[in-house]
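What follows are structure tokens for two forms of the same protein chain, given separately as structure 1 and structure 2.
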Structure 1
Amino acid sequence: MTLLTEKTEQRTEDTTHKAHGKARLREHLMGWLFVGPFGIVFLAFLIAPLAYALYLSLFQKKLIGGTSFVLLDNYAKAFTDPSFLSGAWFVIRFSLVAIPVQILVALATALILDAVTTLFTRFSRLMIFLPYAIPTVIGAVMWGFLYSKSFGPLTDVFGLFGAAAPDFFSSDLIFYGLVNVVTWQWAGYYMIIIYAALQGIDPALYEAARMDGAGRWQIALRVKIPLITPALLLILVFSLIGTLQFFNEPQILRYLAAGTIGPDFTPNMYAYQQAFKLANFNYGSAISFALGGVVFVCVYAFLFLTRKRRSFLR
């Protein structure tokens, strides 16, 4: 009787175990079914092109001798190429100026919109965000028109006061002209992120600060900004990555700023010229990966310098 009971319990346990195993297998299959389409697109349109570009960067094509495997020679050439180095130095300098300007404009605007609640707040928020919704190419063409000394309005406006309009396409002012374009394009997007972070702060903290005698400036500087620090760091990382890969605006404006913006103005423009103008795909790929290395080092250095408790970089 005891033996029969043990066999029955064992059979029941095996049946239960098999049922659980089938349920887990079904869950795994359903998970792969949902993730599968994204995985295929991810592999086909991101990993495969990157792997192919990395493969190309290890070769060198010559008119005489054909294509040969050179390992890291293209990378050694890139990091001693004056055109690549000057472009990399330009985007680093551009990041040091443009990013703080964008963040300050976005932060100030978000703080004002968070503190002032009128009928025009939502409209103002939409208008400030609007430049981000405009395609980069159209925005660059528009600023090219405004900057132009031939057909832009600046010449007429300054002419009313008997002054000469500044030439933002000159070698002395192109840097600041591009800072203005990038700030106009991206400050609204960053403002929305900061504003959303401000809306997540518990209003009881403001009331407690007021009871302690804090004014609006003190609440903004000592309560709001410290509490949205994670959002600010996120924006800084995004803007740093995007600015180091600067391409669209100078590429569009170079046709209006002939002689000032050359084909090697930024590393991405230089890689584009090598790959698609000179058909030097191997060296163009190497420049792209070299720029990726520069971006990785800069972002890692920034995250390391701004690391906090429980950060993954500790």
Structure 2
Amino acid sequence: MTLLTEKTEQRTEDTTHKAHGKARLREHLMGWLFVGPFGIVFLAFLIAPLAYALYLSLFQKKLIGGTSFVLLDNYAKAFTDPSFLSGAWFVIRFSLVAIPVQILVALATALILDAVTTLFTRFSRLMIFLPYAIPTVIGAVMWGFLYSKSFGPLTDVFGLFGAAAPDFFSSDLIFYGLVNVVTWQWAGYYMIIIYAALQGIDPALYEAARMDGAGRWQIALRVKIPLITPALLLILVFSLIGTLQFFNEPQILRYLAAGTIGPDFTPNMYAYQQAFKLANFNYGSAISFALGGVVFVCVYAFLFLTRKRRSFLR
């Protein structure tokens, strides 16, 4: 693969730059000098661990007989392991609810901020973005306080209406409790990206649409949203990759929601438990890889459904 692309590139470049052989050599050299340092880090901390994880996942450590090569046994085990399957099903369901909620909040807010500029909207933009600056762990700790029965405000607030406070740590509501935490954490960041994309649109287009009789809503729906589709797709793909790896928030809230969030709540938590609590690195690696497979399938399915594979990451 490398050789092939190199050869074809070389050939086209050679025909166009026949006279500048020395300059071409220098260009190759300089290019690699600039990219090289990152390339070394990339090989050492991405390619090597990935290859090593794949290697590890093909072995099993037994009490008797030591480590043995088992090919895909770990994967067969993972995809029939109820802990892995229920975790994977949870993150998929969670993505289907949490991502649309976050993007809708972000999109609505960005459209408003793009259309209306007052001091208050500028102030709101900053405040809504603020949670992005907060580590996810601290965000989860903060919401843990707010959900808490012993010192959270929910009891007081619902008490005003004579209602019992919802317990977001119960198995019925933990899903929504977590949707709320990630929406709070990420909606502002997505809002800023969408807002930046909206600001990049040429205002002359709105003028043209207005001449054709389009109102505010039509301009938003028919002109603005189609033009920022690449930014929306980028956000969707990154949030999908991030959400399927869900770890920090449930890991932190686990202490408070004892019994509701088990150690196998998400695939990543399960891999962590296998590797670092049970020292079962082979199976932990296999789960990480299986999760990587789930991420790949979901992202690919998403890109296929939207039929926008080409416009993404040109």
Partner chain sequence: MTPLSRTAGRPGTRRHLPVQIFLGFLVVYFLVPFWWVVVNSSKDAPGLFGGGNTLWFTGSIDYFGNLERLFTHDGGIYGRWILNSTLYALAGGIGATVLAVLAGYGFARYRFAGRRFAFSVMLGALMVPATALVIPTFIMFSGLGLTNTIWSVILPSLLNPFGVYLMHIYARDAVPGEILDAARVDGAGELRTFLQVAFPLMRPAVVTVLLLSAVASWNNYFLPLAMLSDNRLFPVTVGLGVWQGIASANNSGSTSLWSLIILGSLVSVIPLIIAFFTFQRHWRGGLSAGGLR
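Under this definition, the rigid core comprises the largest set of C-alpha atoms superposing within 1.5 Å between the forms. Numbering runs along the sequence of structure 1, starting at 1. In this text the structure is predicted, and so the values were computed from the model without any measurement.
Engineer: Quick one: identify the form predicted together with the partner chain, either 1 or 2.
Structural biologist: That would be structure 2, which is the form predicted together with the partner chain.
Engineer: With both forms fitted on the core, check whether the Cα of Lys277 differs by 2 Å or more between the two structures.
Structural biologist: No, Lys277 moves less than 2 Å.
Engineer: Using a rigid core superposition, assess whether Gly159 undergoes a CA shift of 2 Å or more between the two structures.
Structural biologist: Comparing the forms between the two structures, which are aligned on their rigid core, Gly159 does shift its C-alpha by 2 Å or more.
Engineer: Is Ala258 among the residues whose Cα moves by 2 Å or more between the two structures after superposition of the rigid core?
Structural biologist: Ala258: C-alpha displaced by less than 2 Å between the two structures.
Engineer: Give me the C-alpha shift of Met30 between the two structures, core superposed, in Å.
Structural biologist: Displacement of the C-alpha, rigid core superposed: 2.5 Å.
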